[in-house]
Ligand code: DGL
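There is one chain below, alone, in structure tokens, taken in the form predicted alone.
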Amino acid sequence: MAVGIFDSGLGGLTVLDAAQKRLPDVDFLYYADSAHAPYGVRTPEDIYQLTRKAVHDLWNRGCDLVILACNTASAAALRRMQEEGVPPGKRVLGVFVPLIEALTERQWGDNSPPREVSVQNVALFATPATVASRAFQRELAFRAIGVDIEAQACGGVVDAIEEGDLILAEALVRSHVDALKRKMPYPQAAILGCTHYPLMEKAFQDALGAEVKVFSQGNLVAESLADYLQRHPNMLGTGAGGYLTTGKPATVSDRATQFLRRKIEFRAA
């Protein structure tokens, strides 16, 4: 029995790692579309088609529930996939909502009208495609009023992480934080709106300063997944767990092992 976790590359490992720790008895099948990463510079149609293909592959492998552990895919593909129809007994979920509910201090599943919240100035760091989609702003508007979000498209960060060049990634993070602060000098909170970015969370926190609360998605998504599976135990699926990639398995395995500090072995999707 396995739950599918999809990402354009290695970023979703931050969600997978948290989910495995929160749900040690659940198997996960992780799918990295490394051959087409990064998604953040692709067109919405391209992102949709790639995401749809991967999700259907995971469904066909016995994963009844698939988590889009990729903000770009969640922004560009999730709503369209749901509107076009999901096969009976299958589900696909994104990663935006748990993060926004934590930011707005709402309980999971709280569908009450939007209200004022304590955080007024929020920095959003995301891929160019996620920023262009305005998906975070749209979801936030359902839950809160009076929040000013300043978005910063972080070009190059995902590429550097995927290449294993963490020195370059740190330098890019500092540059993007400086650019954000020129537009919003005193953010109260920051959203790491890409699942790759928690791998650089310390760099973001150091550049932003200790007074800025940084929200990343791993533990929040893991907790909401645990809640979902408790309410829908039939969604555990029938497939086997493991790691799949459309890229070069040996290279992706080495990078994943470096990031999670434990042996990870990918096989060809």
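A residue's number is simply how far along the shown sequence it sits, counting from 1. If you're wondering where the values come from, they're calculated on a predicted model, not measured in any experiment.
The same protein also has a form predicted in complex with this ligand, omitted here; what follows describes it.
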*Would you mind picking out the stretch of 189-197, 165-173, 142-150, 83-91 that comes within 4.5 angstroms of this ligand in the model of the complex, counting non-hydrogen atoms?*
189-197
_One residue of A123, L99, V158, V177 in contact with this ligand, assessed in the model of the complex (non-hydrogen atom, 4.5 angstroms)_ = V158
*is_contact(F204, this ligand) in the model of the complex, heavy atom dist at most 4.5 Å*: no
*Even though this ligand is not shown here, does Y31 get within 4.5 Å of it in the model of the complex, heavy atoms only?*
no
*Give a yes/no on whether P38 approaches this ligand to within 4.5 Å in the model of the complex, heavy atoms considered.*
yes
